[in-house]
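We begin with a single chain expressed as structure tokens, specifically the form predicted alone.
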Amino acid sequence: MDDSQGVTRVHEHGYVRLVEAWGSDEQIVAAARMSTDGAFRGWGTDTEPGDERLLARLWRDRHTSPFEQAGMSLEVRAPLFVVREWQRHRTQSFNEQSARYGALPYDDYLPSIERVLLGGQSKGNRQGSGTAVPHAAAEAWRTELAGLQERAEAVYRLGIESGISRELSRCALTVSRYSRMRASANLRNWLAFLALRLAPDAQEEIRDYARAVATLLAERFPRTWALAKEGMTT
């Protein structure tokens, strides 16, 4: 869901916000034509094709360097386990909120009962979920998780209020606690991120964030996204 400030909300406490974007579909074409001392000539019409043909050929033939002439910087608020998974994409640049400088707000990710019911360990994917969980077991586990999060917050605040350093007090927190970061990459690498994180075998939570990224990317680079999204599960 998008709000009036252009922030795409994800789950109860998370979001993805566009900080800055640079380049455009037109600039990608212009960058490609540097090799022939050319420039962007214009998009085509229903009767007369134009530079959309070159853009499509660049993508189809994997001439990817022109797509590095554009990019985005995003602000992301997500659970720590999503942030850590995201930061495995080392082609992006990151700056993350530090719990050593300030206390983290009491916001934890509690998966919905619907998510837990379909969150049984996958039999074909050692690192994923996707099988059914009995309703009673799902409800019981979710209740226990909520209690653990409440207890973790109490121990965290006790440490801070007792004069224990923030860097030690944070040991009480779970990976469901929300953090914030900025992530920046060129367009080529955002598309690589989306190809992996929109895939059916990606964890559902990071897929939700990838959908938000895709929405922002599509608004800024509509022609490139139309080419790239073929074959992606959005």
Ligand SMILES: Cc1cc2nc3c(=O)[nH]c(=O)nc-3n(C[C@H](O)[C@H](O)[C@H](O)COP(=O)(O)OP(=O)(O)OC[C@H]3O[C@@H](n4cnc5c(N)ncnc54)[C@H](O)[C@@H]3O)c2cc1C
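Note that residue numbering follows the sequence shown and begins at 1. Treat the numbers as computed from the prediction; the structure is a model and nothing was measured.
Just so it is clear, the following notes concern the form predicted together with this ligand, a form of the same protein that is not shown.
Note on the partner interface in the model of the complex: the residue among A39, L196, C171, A56 having a heavy atom within 4.5 angstroms of this ligand is L196. Out of the listed residues R115, H135, R100, H89, H89 is the one that sits within 4.5 Å of this ligand in the model of the complex by at least one heavy atom. Look at 142 to 150, 90 to 98, 70 to 78, 116 to 124: in the model of the complex, residues with non-hydrogen atoms within 4.5 angstroms of this ligand sit in 90 to 98. Of the heavy atoms in A30, none are within 4.5 Å of this ligand in the model of the complex. This ligand in the model of the complex is not approached by L191, whose heavy atoms all lie more than 4.5 angstroms from it. When this ligand is considered in the model of the complex, D201 lines it closely, a heavy atom lying within 4.5 Å.
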